[in-house]
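Let's start with one chain on its own, the form predicted alone, as structure tokens.
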Amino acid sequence: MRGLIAKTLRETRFTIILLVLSLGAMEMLLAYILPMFIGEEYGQWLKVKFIRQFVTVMLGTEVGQSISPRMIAAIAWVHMMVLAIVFSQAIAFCTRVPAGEVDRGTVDCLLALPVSRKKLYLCESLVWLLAGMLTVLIGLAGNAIGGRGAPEEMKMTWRQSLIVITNLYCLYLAVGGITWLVSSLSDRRGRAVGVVLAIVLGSFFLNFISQFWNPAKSLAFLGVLNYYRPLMILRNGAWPVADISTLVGVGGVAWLFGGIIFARRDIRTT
């Protein structure tokens, strides 16, 4: 198993490092830029309908007209580029096996190794978990570095930061678990990526439209982004136990079924 983990790290290190550094840089940039848009008049800005709707879409929940400068900092964690990087890490990694190996025609060599499919799946999954953990931690470090010059009222406490990145990591687990399941059912990596992208984009769309169309609110629970709301964390400072449990549950169940299917399916390269 040690050899398998080393093999996985060797094959994925460039992608992992690239996306980890990208998230750190993006968080640093957002944490540095956001305070420039917040002055004493920020409360007046939120009275403008267009700006209030824009912030509502960014944060994924209705902000009303009473939002503190610290809550504006939540934008750094829900920005589309930030979520795109996190999702890319999960999708790029979790479509490697078996879809990517079957697509390249190298799955026979992989399965010829003197290890069971279950051990192979566990080794790949372990690196996936560690890669996601490294990603969110570097994102947190970038946010802290970029926000050093921000006003105190805009800075999140370490407790709030810990809750936010935990929630983000659980979102990563949910998307990754779904990707493992789709990959285990696919013979083409491009097809697996397309299916997961459709699920993620559907969640984005559902999260967006539910802010403005009441009938869509009844379906919002179907999207994974409904369970990732940093603004709510900054408002009440409590752990979103229900949201975290839902994300971990969805990701865990999907990952488990993906492993069962991979261990039992008849894989053909012709």
Partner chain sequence: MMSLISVDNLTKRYGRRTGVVGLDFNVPAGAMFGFLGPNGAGKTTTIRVLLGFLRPTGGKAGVFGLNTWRDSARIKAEVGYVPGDLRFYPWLTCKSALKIFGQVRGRDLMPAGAELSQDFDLDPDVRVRSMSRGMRQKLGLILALVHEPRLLVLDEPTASLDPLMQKKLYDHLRSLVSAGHTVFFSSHTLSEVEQLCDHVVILREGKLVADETLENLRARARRDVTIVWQDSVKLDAVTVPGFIDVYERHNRQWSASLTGSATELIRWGAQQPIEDLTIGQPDLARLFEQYYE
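Numbering follows the first chain given and starts at 1. Remember, it's a predicted structure, so these values are computed and weren't measured experimentally.
FYI, the form predicted in complex with the partner chain isn't displayed, but the following is about it.
- For the chain shown alone, residue 80 is not a contact residue for the partner chain in the model of the complex, no non-hydrogen atom being within 4.5 angstroms.
- Using a 4.5 angstroms limit between non-hydrogen atoms, residue 116 touches the partner chain in the model of the complex.
- The partner chain is not drawn, but in the model of the complex it has no heavy atom within 4.5 Å of residue 166.
- Using a 4.5 angstroms limit between non-hydrogen atoms, residue 104 touches the partner chain in the model of the complex.
- The candidate stretches are 195 to 203, 148 to 156, 107 to 115, 80 to 88, and the one lying within 4.5 Å of the partner chain in the model of the complex by heavy atoms is 107 to 115.
- The partner is not shown here, but in the model of the complex the stretch 8 to 28 reaches within 4.5 angstroms of the partner chain through a heavy atom at 10, 11.
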